[in-house]
Each structure stands twice: as structure tokens, then as C-alpha cells.
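Here we start with a single chain on its own, the form predicted on its own, put down as C-alpha cells.
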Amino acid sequence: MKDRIRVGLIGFGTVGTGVVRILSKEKDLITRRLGVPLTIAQIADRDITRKRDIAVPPDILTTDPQRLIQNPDIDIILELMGGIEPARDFILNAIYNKKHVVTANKALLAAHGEEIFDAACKENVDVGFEASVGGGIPIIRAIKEGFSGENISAVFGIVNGTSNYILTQMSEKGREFLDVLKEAQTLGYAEADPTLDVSGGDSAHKLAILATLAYGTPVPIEEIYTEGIDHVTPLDITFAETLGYKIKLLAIAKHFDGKIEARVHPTMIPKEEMLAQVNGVFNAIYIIGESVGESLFYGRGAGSMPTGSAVVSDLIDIARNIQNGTNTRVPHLAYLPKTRTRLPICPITAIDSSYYLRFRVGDRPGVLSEISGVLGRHNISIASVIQEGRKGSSSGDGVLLVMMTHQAKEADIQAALSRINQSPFVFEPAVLIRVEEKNNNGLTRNIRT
């Protein structure tokens, strides 16, 4: 038994300061729950002179992370610097020095998680990563422990607050994407370079982690179909509203017939669904289990204090293991390493879905029947049509034609649109948005059961 648990923090930025603040503010509470104090022994950061809104003793600051990694008194290394390198090198060195690790680095885990967790298994140390997905939402622990007896058929939801804020503003106020993005940057909801958020890349990193935990298989980030929100327009949001839907950027993983679907893209969901009511910077993640049905996890998906809270929960969990003389009580990736198997990841062309299609076409007789004919020849049936009437005397810009399809194969949809887009009466490439709904069993309609 130790008299205290000592933590070395690498990265004293937004989340790092949140962690230090929580450990200071909740010191007595944490000690009561853990039995001994949990303290920050050393902090490494590239800039230790910058003024921060939380004070720490100057003598615990250093610019050299190796001082923490090599310090025999430090029990846990906390990596909050972000990025791939040198964070990967620091984490692996910490593991090889028999130190437990906590990280919030979803990009690193998505790209090199297998290597990191293999090393941790060999060195018999814990790796906590609750803060890598969903900010303060305890979704990692829920999958690893709360649903350990569940056959999970789907994990899906809103896992990027920046994109959700942008889509909410576009939906509620009819604003353009770039206008809202600039506002989000001003408010601190979006990074100076927002590419990972709006392109869907950040959501894909998080989905890789969730799907790996849920299904006991590696999910390579490059095999996750990823599409962002930068092409979503107020026009499509308005049509979605008219049709009874909201547009959200969803991360979706499903398991069926020994295969995995893993995809990120803008998705239309019925307005009455709880997920459609998740607005602003909030996240929400559904888990659908064979026995338990559906469970929804909702909360703040980012920020200094929510993410810091998730980090502290990992620190306490590992500290309890240290005090009890145990580790890796729960497998890092929810499954025993020898039972994990590589399952095939379906390409996007292999999925079935319903679709929203928007065309800008010439205002002349027969266009609707020609498009319908192409769709029909590709085994795609139409559920509903909105045909814009002519406005004014000029139709040089074409008119809008919106279709909702019944469930169809993505490969058929893409083949049909390729043919339609070549037609002389189509003025611009068709817009496609996938649709997710639920059936009476509480499962998303596109899950094969």
C-alpha cells in the first residue's frame, strides 16, 4: 500500500489545467474514495512560463517529459499533449518503464492503439482512455464493464460537438456553414484549423475506438468511411425539416453476419427521435444490446472540466488497482487479447440504407420520369417526391427535385447517380444524404438482424 499515488502530467493545456483544478478542488473527496491522496508530482510542457488560470509550484514544472517517465516515484503518466508524435513515443517509453498510462488522445489510439495496448499487455500495466471519446460521458467504461455481458448490435451517435454546434445553428437560424464555423472558432468551439472536426475525421477516430471495444476486433481508421458536413447546405436542412427529419453528423458502427459496418457521415434522422434533439456542443451515444435494448448516453463531449473529469476517473480507477496490488483487471480493449479476432469491415458500397436525393434539373416535361426510370433500373424504389414549381419566368438555373427512397443498396444508388449526373438535363451533381430510422424492435432500421 502506498501513502499516496503520484502522477506525472505531460501537456499542461486546456485539459491538463482542468485535471489539475479537479484534483485540487476535489482533493478531500478523492482521498475519501481512494483512501490516499492522488497528486500531481511533476508537469512537463513545452512552455512552462505561460500564465495559466491555475497555480502550481514552479519546482514541479519541466520542459523534459523524460524526467517524468524516468522518475521512479511516479506511478502514472498522464499524456494530454495530443498529436501522434512524440506522444506515441512518450507513452511507449512510459509503458516500458512499467508505468501505468492515462491518455485522452483519440487520434493516437485510432492510429496506434494496437501497438500501445500490446505493449501494455506485455509489461502488465494499465492504460486508461475514458476521455478519448465523449468528453465527460463514461462511454468507454460502460462498454468495457457495464455492457460486458451484452451482444452489442450497434453503437452510434453524435461524438463531435463542433459539427453538432454548426448543424444546430444552421438548422435553427438558417445560417450558412462558413458563417457558423467562424462563429464557432470565435467562441472556442472550433480549432483554428477545424478540418478534423468538420471533415468527420475526429468522429472517425472516436468510432474506431468504440467499435474496437464493442466488437473485439481491430478497426483500422482508413477502413472507416468518412464524410464531413462541409457540403451540407441550409437548403438541404430545410427540405429535411419539411420531410420530418433533422440532419446530424453520426458515427455509426453495426455488427451483423460476422461483419462490421463503420461509417461517419451526415445523416437524416426523424425529428421525434431523442438523438435529433441533441443540440449545440453536446454529444449523445446509443448502445443497442441484444438483452438490454437501447441505452442513450448524453452529456458534454468536450471542454476542460468535462474531459478533465473523465481523465480523473481513469486516474482513480488505476490508483485503486495499484492500492489493491492488481492491474489489467478489465482487459484494455474489453476482450481478452487471445480472444480478439479480426472481423471484415464492410465498404460503404456494401451497406443498405434509405436515401435523400436532391437534383437541380431542367424545367421540362419528362425529367421526373427519366430519373425515376434510372433509379428503377438500379432496383431503387421511391418513397416520396418534392418537385419545386417554376419561380418567375426564367428557369435557366433549373428547378429542384427531391426524392426519398426506400431501403436500397449503396452500390446501386452510386451507380444510378453516376448515370443520372451524366444526363444533359441535370445541372449539377446530385446531393445524397443517408437516412437512419428505427423499427419496432428499437433497432436502427438498417441493422440486419
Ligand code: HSE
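In this text, all values refer to a predicted model and were calculated from it rather than measured experimentally. In case it trips you up, residue 1 is the first one in the sequence shown, and so on.
Quick note: we don't show the form predicted together with this ligand, though the next part is all about it.
Q: Non-hydrogen atoms within 4.5 angstroms of this ligand in the model of the complex: do Lys106, Lys206 and Ala302 all have one?
A: Yes, the whole trio is in contact, each within 4.5 Å by some heavy atom.
Q: Consider Asn160 of the chain shown here, and say whether it contacts this ligand in the model of the complex, taking contact as heavy atoms within 4.5 Å.
A: Because a heavy atom of Asn160 falls inside 4.5 Å of this ligand in the model of the complex, the answer is yes.
Q: Just checking whether Tyr189 would be counted as a contact of this ligand in the model of the complex - the rule being heavy atoms within 4.5 angstroms.
A: Judged by the heavy-atom cut-off of 4.5 Å, Tyr189 is in contact with this ligand in the model of the complex.
Q: Looking at 341-349, 327-335, 209-217, 190-198, which one sits within 4.5 Å of this ligand in the model of the complex if you count heavy atoms only?
A: Among the candidates, contact is made by 190-198.
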